[in-house]
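The chain below stands alone and is given as structure tokens, in the form predicted on its own.
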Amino acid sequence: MDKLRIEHLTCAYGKRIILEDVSLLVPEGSFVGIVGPNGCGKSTLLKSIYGALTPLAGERFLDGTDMKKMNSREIARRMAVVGQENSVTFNYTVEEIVMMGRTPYKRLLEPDNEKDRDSVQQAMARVGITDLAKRRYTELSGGEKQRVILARALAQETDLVLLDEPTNHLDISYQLRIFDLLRESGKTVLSAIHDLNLALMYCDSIYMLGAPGGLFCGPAGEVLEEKRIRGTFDVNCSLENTKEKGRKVIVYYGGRPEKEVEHE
């Protein structure tokens, strides 16, 4: 069953078309990545899916239901979002921000209950920020802030999580920890990913934007092959075997790749 289905999405900023006629499927329980060079529309696609940007055309279906027919509370009970831009206007504590993930389940001015507090504590523990609970969000480093926003999404307790380059600002230990957590959670995940090796390691399937010939999608190992990476990202690279059986890693080299010459 498809948890999320996007059909013929076209997105623009002003008169500038960013994405045109894009369709994608996210099967229930899968980890799906979106990759591509800077400016190709990864964030635009995610914003159009979760409603921060209104697409010019296209349909969005969540659990088979047209999202246009769903109110924001209903969507928030099914879909959590970790965006790239996570500015907070007021000087909330970490615990208060994570508690915001419980908002879809509460009436206006309804006090926090035991279930809310348990969910928040578990979410903070899972991303390793329990010791930051009483700290002010504005006092945190970029990596700490990113973990707080992820904890808020986990406290929301949705089956689907959308993430826009969630490992930004995180050191390698927390990058792996966060992706392990998401992979093992059983949740359906759709994530824009900057690091192609992380995408290769964790994703079941990948949508590559900005590739020669347009959108390309398929199993991670098929999408992230040498020729396509070189053509899309304009880099020299190779895929190398690792000591772990069946696992490959992308190795990058200096300089730009030579353009392939077509022979008659």
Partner chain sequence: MNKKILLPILVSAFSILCCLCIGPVRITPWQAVLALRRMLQAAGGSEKEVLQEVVLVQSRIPRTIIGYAVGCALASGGAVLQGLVHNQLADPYILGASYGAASSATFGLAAGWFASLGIYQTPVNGGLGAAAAMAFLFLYSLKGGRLDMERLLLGGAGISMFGRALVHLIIKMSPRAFVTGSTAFWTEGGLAGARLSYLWWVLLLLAACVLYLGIRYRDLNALQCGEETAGTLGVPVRYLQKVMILVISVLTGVSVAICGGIGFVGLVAPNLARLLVGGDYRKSLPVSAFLGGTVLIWCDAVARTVFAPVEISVGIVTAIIGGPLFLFFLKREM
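Residue numbers count along the first chain shown, from 1. In this text, all values refer to a predicted model and were calculated from it rather than measured experimentally.
Although not depicted, the form predicted in complex with its partner chain is the subject of the following passage.
Undergrad: Which one, 119-127, 184-192, 168-176, 97-105, holds residues whose non-hydrogen atoms are within 4.5 Å of its partner chain in the predicted complex?
TA: Selected stretch: 97-105.
Undergrad: Check each of 216, 50, 233, 61 and return the one that places a heavy atom within 4.5 angstroms of its partner chain in the predicted complex.
TA: By the 4.5 Å heavy-atom cutoff, the listed residue in contact is 50.
Undergrad: Verify the contact flag for residue 146: yes if a non-hydrogen atom of it lies within 4.5 Å of a non-hydrogen atom of its partner chain in the predicted complex, no if not.
TA: Contact check for residue 146: no, nothing within 4.5 Å of its partner chain in the predicted complex.
Undergrad: Report whether the minimum heavy atom distance between residue 180 and its partner chain in the predicted complex is within 4.5 Å.
TA: Taking the distances in the predicted complex, the answer for residue 180 is no, it never comes within 4.5 Å of its partner chain.
Undergrad: At 4.5 Å between heavy atoms, is residue 73 in contact with its partner chain in the predicted complex?
TA: Yes, residue 73 sits close enough to its partner chain in the predicted complex that at least one of its heavy atoms falls within 4.5 Å.
Undergrad: Considering only heavy atoms, tell me if residue 81 and its partner chain come within 4.5 Å of each other in the predicted complex.
TA: Yes, residue 81 sits close enough to its partner chain in the predicted complex that at least one of its heavy atoms falls within 4.5 Å.
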